[in-house]
Structures are given as C-alpha cells and as structure tokens.
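First, one chain by itself: the form predicted on its own, in structure tokens.
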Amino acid sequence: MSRLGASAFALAALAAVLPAAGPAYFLHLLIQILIWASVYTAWALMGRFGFVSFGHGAFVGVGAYVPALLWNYFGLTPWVGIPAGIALAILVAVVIGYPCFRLRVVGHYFALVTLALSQVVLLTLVAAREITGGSLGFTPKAAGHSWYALQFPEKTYFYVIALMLWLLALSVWRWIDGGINREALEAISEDEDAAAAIGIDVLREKLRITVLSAALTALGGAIYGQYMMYLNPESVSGIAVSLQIVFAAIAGGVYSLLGPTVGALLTISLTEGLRVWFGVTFIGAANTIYGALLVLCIIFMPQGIVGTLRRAMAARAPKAAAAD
C-alpha cells in the first residue's frame, strides 16, 4: 500500500469513530465536509489534467433537484430519483462536452462555456418557480425515518452514507491515478495534437473523464439535498457553487488524493467559524475574510496545502539524510 493510500485508510478509520466524540453540531459539520470533499474530489478528476470546469455547480444542482422533484410530484423513491439525476447530469455533460471537445474548445474558452452552463441551470431553477419554488427554495416532503424516502432524523445514518460517498470518490481518484488512461490524459493536457498523433482518442478520453466527474458530482449533490432537506438554487447551483468547488479543491491540492478533502475541511470549518465569530455584527465581513484567505492560499501555495507540505517534506529528507 502506498503512503497516500495508507494515509487515506488511516483517515477513514479515524472518521469512522468520530461520531461518538462530539455533539450533534460537530457531526453535522463532518457530514457536510465528507459530502463536499467527494464533490471536490470529483472536480479534481478533471482539474488535475488541466480541464478547468466552472460548471460543476450545474451538476450539483441537477443531482440535488431531480430526486426531490420526482419524490414530491410523482412519489418516486430517491433510489430511483438519484440515478435519474445522475443520468441527466451525464446527458448535460455530454451535450456540453462533445461539441467543445470536437471543436477543440480549450483553456479559458472551455472555462467560460462551463461557467455559462452553471448559470443557465441556476436561472432555469429560478424561472421554473411553479415547480422548483424558484428563489424561495424547495422542501422535499418529509417521511420521517424511512429508507424508502432516504430520510433519517438521526444524523448517524447520513454520516455513514457520506463516509461511503467520500470513500467512493477516493477510490475513483485512485483508479484514475493508477490506470493506463492517466498517461493518455496527461499527454492530452500537454499537447492534444501530439497525443492524437500517437494514437490516443482525444475526444473519447476527455468525454470519459468529464462524464465520470459529472456523475460523481451529481451523486454528491443528491446526497447533500437528501441530507439538508431544503434546496435553494443559490446554495446548490450557479457560479458561486462552481467557484466554491474550484477554489476549495485548488486550496487543498488538486494533484493529491487527500487534497480536495483538506480543502473541504479548511473551507467549511473556516466558513462556519467566521459565521459564528461575527454573527450578525459585521454582515459580509466573514465572506470577505474567507475570500481573501483563499486568494492568498492560492497565490502563495499554488500546489495546495497538501502539495506544499509534500514538497517541504521532500526538501527536508535529503538534509536529514546528510545530517545522519
């Protein structure tokens, strides 16, 4: 087992015993950290290869709203609604990704296209207010403790679900990192023409990683919606959510297995801490400090927190060996 794999296993073992170590509010934060860590890891599947998407807020929104709408209006269990939401997110990813990749829309142009996608989903949810509740939000019908409705008043159930979701995201990351497609994706990120010249199907590889990233993101959005039991277009879709995903993943470290998880731990803890600290006294100050700290983190630690720590440890190793 690699050092990264061992670290992830140790972290998972620690997370498994944390619910008994604190109050309900602590467990609430931990569930959110695990869910968003899975979403950030899903984005990092693309981001680490240079496919910078600002549209993942759209996939979170689709994944969150579809199961809730099917449950409220048709009585369909989320066990059907969640796969339906994932399928719709995959369809949206293909509809946007195929023409972009076919026409070689790359770099900041691709980022702008995905940014527009995120806002289109937000505006659609707001405009369909008769169905989605618009900007006022949407609440799934409560069913009490129910596996059929995937609703549990006890947070422990959702903690286990969130933990499994996080482990799934890490497993997919490891699968991509250790698979043969990694070399193909790295070659494409360096030079698409050169990659195509040596026989790599550029369109297929880019679509594959985009679809996989969108599906995992939609799954995270679905679990988040089921847990929060309240959906608002601003909180699960749009540019703000997309930027939150990008900044948190980069701050933690896109190129390491646990980087997005560290980003989730940092951003959610920081957001909640500043909110509790300032309360209603300095409205807006918490968001300003949060944004400034993220920008400083990205400027001075471009490899992310985990990447910076790894480089520091690697630099100290030769010195320690020479001293011995």
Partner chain sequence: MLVVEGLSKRFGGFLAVDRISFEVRQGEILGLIGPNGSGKTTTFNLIAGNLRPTAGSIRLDGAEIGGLPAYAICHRGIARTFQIPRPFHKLSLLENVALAAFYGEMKGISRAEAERRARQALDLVGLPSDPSTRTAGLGAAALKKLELARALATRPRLLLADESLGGLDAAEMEQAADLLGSLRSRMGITIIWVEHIMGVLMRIVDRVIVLDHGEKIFEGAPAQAAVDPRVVEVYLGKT
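Numbering follows the first chain given and starts at 1. None of these values were measured; they are calculated from a predicted model.
One more form of this protein exists, namely the form predicted in complex with its partner chain; it is left out here, but the text below deals with it.
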Worksheet entry | Candidate from Gln151, Gln244, Asn232, Asn181 lying within 4.5 Å of its partner chain in the model of the complex - any heavy atom | Asn181
Worksheet entry | Val172, Cys100, Val126, Ala187 - the one with a heavy atom within 4.5 Å of its partner chain in the model of the complex | Ala187
Discussion item. Whether Arg204 contacts its partner chain in the model of the complex should be assessed with a 4.5 Å heavy atom distance threshold; does it?
Written reply: yes
Worksheet item: Using 4.5 Å between non-hydrogen atoms, is Val211 touching its partner chain in the model of the complex?
Response: no
Worksheet entry | its partner chain contact at Ile200 in the model of the complex, heavy atom, 4.5 Å | yes
Discussion item. Just checking whether Ala196 would be counted as a contact of its partner chain in the model of the complex - the rule being heavy atoms within 4.5 angstroms.
Written reply: yes
Worksheet item: Of the listed stretches (130-138, 71-79, 172-180, 108-116), which one has a non-hydrogen atom within 4.5 Å of its partner chain in the model of the complex?
Response: 172-180
